[in-house]
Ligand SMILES: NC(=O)c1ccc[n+]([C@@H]2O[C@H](COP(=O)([O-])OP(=O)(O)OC[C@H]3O[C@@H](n4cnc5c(N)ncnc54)[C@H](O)[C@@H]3O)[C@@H](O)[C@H]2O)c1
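This document starts with one chain, in the form predicted on its own, laid out as structure tokens.
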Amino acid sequence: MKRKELGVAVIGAGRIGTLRARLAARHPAVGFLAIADINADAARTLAERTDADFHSTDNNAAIEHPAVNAVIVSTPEHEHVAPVCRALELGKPVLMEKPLGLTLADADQILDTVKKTNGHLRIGYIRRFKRCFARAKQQVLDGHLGKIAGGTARVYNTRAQAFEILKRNPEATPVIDVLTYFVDLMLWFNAGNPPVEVVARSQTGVFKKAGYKVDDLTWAIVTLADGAIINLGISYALPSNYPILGQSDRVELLGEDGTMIIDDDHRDHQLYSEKGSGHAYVPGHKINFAFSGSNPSGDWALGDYWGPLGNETRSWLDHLVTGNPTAHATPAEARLVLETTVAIERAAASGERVRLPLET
């Protein structure tokens, strides 16, 4: 690997942007690092922490810097479009956080820019970079399951984290913002077999009482083109002190020749502390009993960051330098995932079957 070949701009100095910037700063191919955030203190603090070469409150100043040749967009979901499109217009490869957009209109604006510029864009669906799910994809490719007849995926989290997400963006519903990871996994495992119909139901309660137009839980049945049936469910309304520090999930695939069950509930590593365990996503929130390892992005340990987000960030930077393939979601894949999550919300709201592709 050539050293110091990359100049990386990280747009957004929040929790994920901070992790991406710290990982980029440690990568042997990164010789220039720029930070941008509309919050001057956040931009300066992260720049100091990573020994960045440049920082600004102007996203375009970082994106357009002549030493920058790659861009990571880690802004809140509703602020993705402008920095992603600007970087693509300048011919700079982009890694952006999921989803591709909160609306299909936003997603299509980005896709139009990719097409016009022949741009290089990848979307950060970090669950692809967790070992159990990467291994599962390989086992599907190896034919262990044969023809997949269906499967299920469900994910739980607590209202403590849900409220933190909703404070940042009330439109980032659990389906659009989180179930999207598992829609992506299921469509990735069933590549080439697109969804054609969605039926969904939901239940309101905790979040509605708090003033948000968000369901406590949503359950959906997605039918794929060949008739395979995928069951998807999410609840981010578990009690605040339930021992999840991020996500508790389970994924199952049923095939003609095999079955795969992935238990990702994190009950294998339990921690009790009178001092309480801190929550990576919710500042100040502590619980005495925790499922350690349930933070979906990973954990700092022994001076390094271990887990899916670290794997994903390093893989993208390696890809830029070596040209080796990467498992990141493509724009077309991410657009289909967004369309499916939008269909789930429409089906839950209407109580009717929703056919895909959607009429936008």
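Predicted model only: the values in this text are computed from it and were never measured. Don't overthink the numbering: it's just position in the shown sequence, from 1.
Below: the form predicted in complex with the ligand, not depicted.
Asker: Answer with yes or no whether G246 is in contact with the ligand in the predicted bound form, where contact means some heavy atom within 4.5 Å.
Answerer: Heavy-atom contact with the ligand at 4.5 Å: absent for G246.
Asker: Residue-level question: is D108 within 4.5 Å of the ligand in the predicted bound form, judged on heavy atoms?
Answerer: Heavy-atom contact with the ligand at 4.5 Å: absent for D108.
Asker: According to a 4.5 angstroms non-hydrogen atom cut-off, is L23 in contact with the ligand in the predicted bound form?
Answerer: Close contact is absent here: in the predicted bound form, L23 is far from the ligand, nothing within 4.5 Å, heavy atoms only.
Asker: Would you please decide whether L309 lies within 4.5 angstroms of the ligand in the predicted bound form, comparing each non-hydrogen atom pair?
Answerer: Judged by the heavy-atom cut-off of 4.5 Å, L309 is in contact with the ligand in the predicted bound form.
Asker: What stretch, of 193-201, 144-152, 74-82, 225-233, brings heavy atoms to within 4.5 Å of the ligand in the predicted bound form?
Answerer: In short, 74-82.
Asker: Between R135, K208, K286, R168, only one gets a heavy atom within 4.5 angstroms of the ligand in the predicted bound form; which residue is that?
Answerer: Here the answer is residue option R168.
Asker: To verify the annotation, which of these, W188, Y281, W219, F163, has a non-hydrogen atom within 4.5 Å of the ligand in the predicted bound form?
Answerer: It is Y281 that has a heavy atom within 4.5 Å of the partner.
Asker: Is the ligand in the predicted bound form near all of F182, L320 and T330, within 4.5 Å of a heavy atom of each?
Answerer: No: no residue has a heavy atom within 4.5 Å of the partner.
Asker: Sequence order please: the residues of 96-119 with a heavy atom within 4.5 Å of the ligand in the predicted bound form.
Answerer: The stretch touches the partner through E97, K98, P99.
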